[in-house]
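Starting off, we have a lone chain in the form predicted alone, written out as structure tokens.
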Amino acid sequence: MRTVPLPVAYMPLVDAAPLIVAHELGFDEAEGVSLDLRAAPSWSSLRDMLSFGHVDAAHMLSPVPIAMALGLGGMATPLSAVSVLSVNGNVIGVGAALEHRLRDDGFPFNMADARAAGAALARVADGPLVFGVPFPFSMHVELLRYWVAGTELAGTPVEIRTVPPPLMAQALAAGEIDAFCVGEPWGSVAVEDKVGALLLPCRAIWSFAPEKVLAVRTEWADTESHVLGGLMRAVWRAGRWLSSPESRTTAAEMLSRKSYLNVPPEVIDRALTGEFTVSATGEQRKVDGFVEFFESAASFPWRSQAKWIARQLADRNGLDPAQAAQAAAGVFRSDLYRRELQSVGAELPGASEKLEGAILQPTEVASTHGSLILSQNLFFDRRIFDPTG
């Protein structure tokens, strides 16, 4: 079967797994495409690779195409997020100095309570806290700022500095940053290098946050719909494969290869299983639902998620929130998701928006196949975001 070569950019992170698995297990060729995966050295270079047409699709931070639609960041190429590649998957960690102060303060490093973690960090801070994040427009920044504003950290000066994910542990060791918010496996690498400890999974801030999206140029989506459909279905099949517990060992070994993450498989496995080593002393913590690729319609691009991101960006950059929300809704392409994935039996919610932060426990909602179970969706401060407001 002849396939269409398709250049796709990604960053070396666990949440690039759907693209890597789609290629390695042949889900791409089964859908008539051949993924040419190209690692990017930074998120800015990945954005530019897609915007300038050097690749046709990309593993992208969910706020990036929204920021571009709002005229932020100096790049205006219209992009479409055609599916969510991953939900959650980030960790907040601290360097050795902060770890020692937190332990002296009695903090248990239980990876569970966002309010308690914020309060403890505020107590031990002896000046401004410098956090490393991978990119200015990212869920790392949005969740970090949301957490800081809603806890006792609101009274502590916080500086956010951009550091590429693979360099986060080095920046921590060099004293360039005090703490970090980063996607796995790079938080665990800091633990392995004995330069940091894990404080909190970002799912403790928002339990169902869209982390990475599958992004394409909007013009390309309009003109190459057949190729786009093949790409989306291949990635969806890979996410379904990743959702099986029996797949995790194979997935960790696959991602660990030098051509991809070049990190030991046992370190990658922590994100896939949620069984973390949080400090150099070997303390173990379990984080259920640390990263999700498939279950609970994880890959569906909810327009309400896009509007939440847009509201955060608008408030911080002095933009009209209603106009920002409207622009963002056009970026998360639930229409293309429905069109291209209905043939494979994907769970398609009956609506394209929902109240974000309003699901206390797994809840049944209407879908094209009758019903769909949505996982818990809560913000740590129990706020509810109404996308129609």
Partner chain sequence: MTSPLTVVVVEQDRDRAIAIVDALKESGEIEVIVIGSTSGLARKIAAHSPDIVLIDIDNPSRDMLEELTMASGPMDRPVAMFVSGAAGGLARAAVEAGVSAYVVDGLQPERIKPVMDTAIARFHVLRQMRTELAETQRALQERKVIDRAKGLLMKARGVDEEEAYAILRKAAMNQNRRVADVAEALVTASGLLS
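Numbering follows the first chain given and starts at 1. Computed from a predicted model, the values in this text were never measured in an experiment.
There is another form of the same protein, the form predicted together with its partner chain; it is not shown, and what comes next is about it.
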In the predicted complex, do 43, 47 and 135 all put a heavy atom within 4.5 Å of its partner chain? yes
Look up in the predicted complex whether residue 73 has a non-hydrogen atom within 4.5 angstroms of its partner chain, and give yes or no. yes
Is there any non-hydrogen atom of residue 176 lying within 4.5 Å of its partner chain in the predicted complex? yes
Quick check on residue 167: any heavy atom within 4.5 Å of its partner chain in the predicted complex? yes
Tell me, yes or no, whether residue 163 is in contact with its partner chain in the predicted complex, where a contact means a heavy atom of each within 4.5 Å. yes
In the predicted complex, segment of 50-58, 23-31, 329-337, 344-352 with a heavy atom within 4.5 Å of its partner chain: 50-58
